[in-house]
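A lone chain, given as structure tokens: the form predicted on its own.
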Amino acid sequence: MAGPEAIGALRRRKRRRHAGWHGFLYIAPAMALVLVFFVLPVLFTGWMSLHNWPLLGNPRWIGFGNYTRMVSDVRFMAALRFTAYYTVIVTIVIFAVAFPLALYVEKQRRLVGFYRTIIFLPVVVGLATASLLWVWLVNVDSGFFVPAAQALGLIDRRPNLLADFDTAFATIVVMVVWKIAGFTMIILLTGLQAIPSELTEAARIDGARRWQRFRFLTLPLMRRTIALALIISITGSVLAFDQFYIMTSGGPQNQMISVVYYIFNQSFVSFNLGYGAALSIALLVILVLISIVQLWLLRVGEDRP
């Protein structure tokens, strides 16, 4: 006969096994959602990318033909260059606005809660709605900015800000910063509030000036927060579509076609579904590489003593 110790060990093993099944049942709905709405669509998109897949008719296997076509596609390369240019510019401007705002609202002062709310308010507006709002704001005849500038004597004539690449690009960047800077500010604010006040006070007592405290104390301690905010901003910029589609329709002269916009045109305008799928897989690879960089940035320095 088995001893009490053996019976107890058997019961413990059964409890652990049942606990494992219970845990699996808890995560099963989430796993099912990921499988149905992410894994299977990605696999099907990968399968489509290996075919010449028309809207009507039977798909034809072409192997990696869509991917080789992608390398020599001048318009796709132009879309990549524009997306990279837009990502760099808008990310820099967002941080240049959001970081000072985070430093300002981090301090306890009068009406600070009101300031935080006002700055964050544009975040709750959808990007498509914000784009439509700014199309009206910069309208030559019925808008607000251009007629107001003319009424104040700042300009002699009413320019169409969305008809020229430079002014249209600047308008979109300003709109995106107005829309997103509040979200980035909140992320940076959490990092600032996580810095122990004892460290800041000790640095002040030791004679460190405000810039020295910011350079040698605040920035190093916010490394992980800054990396997170940076990657979120870059990922969102790479996936930019709504603002270009609504505000400029890719113009002027198709100079503002982002990668996602180009995928949209190939898939749902030209109905090159197989090629559009290959472009989507390429964009997914780019985003995976960005995620790898994100993990590296978040883990850099963790092993240092």
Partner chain sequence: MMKRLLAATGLISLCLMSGASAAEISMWVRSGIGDSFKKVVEAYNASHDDKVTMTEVPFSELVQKYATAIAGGQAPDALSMDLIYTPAFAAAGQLEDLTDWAKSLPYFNSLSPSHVKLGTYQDHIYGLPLSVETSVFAWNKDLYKKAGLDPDKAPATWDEITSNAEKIRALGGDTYGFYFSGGGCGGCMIFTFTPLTWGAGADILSADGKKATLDTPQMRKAVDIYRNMVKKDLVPAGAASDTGANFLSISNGKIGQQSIGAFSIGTLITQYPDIHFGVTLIPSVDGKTSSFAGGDNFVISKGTKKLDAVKKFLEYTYSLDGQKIMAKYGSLPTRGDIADQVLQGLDPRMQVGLKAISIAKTPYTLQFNDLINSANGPWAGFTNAAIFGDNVDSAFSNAQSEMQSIIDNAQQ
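Numbering follows the first chain given and starts at 1. Note that the coordinates shown come from a computational prediction; the quantities given were computed from them, not determined experimentally.
Same protein, other form: the form predicted together with its partner chain, not shown, and the subject of what follows.
For the candidate spot formed by 157, 257 and 265, every residue has a non-hydrogen atom within 4.5 angstroms of its partner chain in the predicted complex. Note on contacts: among 223, 81, 75, 109, the single residue with a heavy atom within 4.5 Å of its partner chain in the predicted complex is 75. With the partner omitted here, the residue from 219, 128, 163, 149 that has a non-hydrogen atom within 4.5 angstroms of its partner chain in the predicted complex is 163. Its partner chain is not shown here, but in the predicted complex it comes within 4.5 Å of a heavy atom of residue 140. Contact between residue 68 and its partner chain in the predicted complex is not found at the 4.5 Å heavy atom cutoff.
Within this chain, residue 250 lines the site of its partner chain in the predicted complex, having a heavy atom no more than 4.5 Å away.
The closest non-hydrogen atom of residue 271 lies within 4.5 Å of its partner chain in the predicted complex. Only one of 276-284, 48-56, 232-240, 25-33 lies within 4.5 Å of its partner chain in the predicted complex by heavy atoms, and it is 48-56.
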